[in-house]
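Quick setup: one chain, the form predicted alone, written in structure tokens, and binding and motion questions come after.
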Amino acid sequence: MATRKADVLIIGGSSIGLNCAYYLLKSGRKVTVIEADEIARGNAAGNAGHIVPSHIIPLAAPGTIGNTLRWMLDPKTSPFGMKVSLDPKYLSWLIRFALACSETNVQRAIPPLNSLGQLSARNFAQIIAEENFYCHYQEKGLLFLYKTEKAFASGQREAELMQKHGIPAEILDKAALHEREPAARDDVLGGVHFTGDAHLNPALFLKLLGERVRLMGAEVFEHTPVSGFGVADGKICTVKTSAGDFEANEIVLAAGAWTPLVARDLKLNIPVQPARGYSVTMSATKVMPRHALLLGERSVAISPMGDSLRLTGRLEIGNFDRIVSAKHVASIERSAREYLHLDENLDIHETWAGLRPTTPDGMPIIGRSPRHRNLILATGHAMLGLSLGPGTGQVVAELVNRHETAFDLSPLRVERF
């Protein structure tokens, strides 16, 4: 089988890979995308669809360990779970995560997460307007709902921190909250509205983006897993796949939770663990939420998407399969009923499980490989793979073209590990 030549080869055809392809094509590069499954059908397609520049606090933050232990004592409603394993890489990840749950890590993470989140939000609006994508895009913000004074007070403190970093946030008392969101139950006592956020149907957006990059000239190979690499003189010479070998001037590795497995021959330390999450999608309810919501105490996301409603939740570290747990889907529905007026009988038409690539410090990995001069890493976005996709696509295109990047990427380089 003849070796295929490529200018820029992107490994991964979900949110990050497709956004990289889009911005590289716009810059004039020729792009080849290889995907182990189908493009636009990856782990971002079934998520909440929230575009959240407000999410500048990393998962590894003070209080996370305590909350995790408390949640695990109540597995019936816990939004968090962990695989039990003695795998050295998994245990190393857990230790690193525990050490990163500090104020120092938060202060280190806020600038790059803020810059990337704001860039992505602007790019989403631009892509959807310029390409005329119809994907239920709504710039209505993200509304947090709270049922306890303790959680509401914590939410207010977080909102005040966001405001200091230029993120618009409105604190709503009970009356203001219920006027803004009539779908909330009477015992919801307040909320915080991050008015700069947005939401859309992620599967529709990614489908349209996949079609667009093909029309722009991308060569796409689906069902083409990578089996290895040939490396010489600090450069990747060949990418070995089920469709034969590829040679490329530049390679972008954007394989999500599978990135460490794909890169196992490259002698890179990429501490990414899969974090399984679930969603359940149903027909529109009689009282549809007006906004994208996040249920404060339960960490469940609510997403109105045209004639559908999606509930999303749960974070299970270390689970690599995408089996849907009926128990956890039922828990997500129960949590939603605690906060919202939902129909007694729901017309459910999809349940889903997906994997988020999660780093121990809660920041993505974006940057050139320290060992391979033609390899760029773009992974580890955790629950924000959709939200941070267009910003990541832009800065990766800038890296490939050796232009100055939109903001300083040094805190996101893999060498930090």
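All figures in this text were calculated on a predicted structure; none of them were measured in a lab. One rule holds for the numbers: they count along the sequence shown, beginning at 1.
Form predicted in complex with a small molecule: not shown, discussed below.
Each of Leu59, Leu113 and Thr359 within 4.5 Å of the small molecule in the predicted complex, by any heavy atom, yes or no? The answer is no; none of Leu59, Leu113 and Thr359 reaches the small molecule.
Taking 4.5 Å between heavy atoms as the contact cutoff, choose which of Phe194, Trp258, Tyr146, Phe97 touches the small molecule in the predicted complex. The residue from Phe194, Trp258, Tyr146, Phe97 that makes the contact is Trp258.
Just one of Thr224, Asn201, Asn319, Ser331 has a heavy atom within 4.5 Å of the small molecule in the predicted complex. Which one? So the residue touching the small molecule in the predicted complex, by this definition, is Thr224.
Report whether the minimum heavy atom distance between Ala21 and the small molecule in the predicted complex is within 4.5 Å. No.
Partner contact for Ile348 in the predicted complex: the small molecule, 4.5 angstroms, heavy atom: Answer no; every heavy atom of Ile348 is more than 4.5 Å from the small molecule in the predicted complex.
In the predicted complex, is there a heavy atom of the small molecule that lies within 4.5 Å of any heavy atom of Asn47, even though the partner is absent here? Yes, Asn47 is a contact residue.
Just checking whether Gln138 would be counted as a contact of the small molecule in the predicted complex - the rule being heavy atoms within 4.5 angstroms. The answer is no: Gln138 has no heavy atom within 4.5 Å of the small molecule.
In the predicted complex, segment of 385-393, 24-32, 366-374, 59-67 with a heavy atom within 4.5 Å of the small molecule: Of the stretches listed, the one contacting the partner is 385-393.
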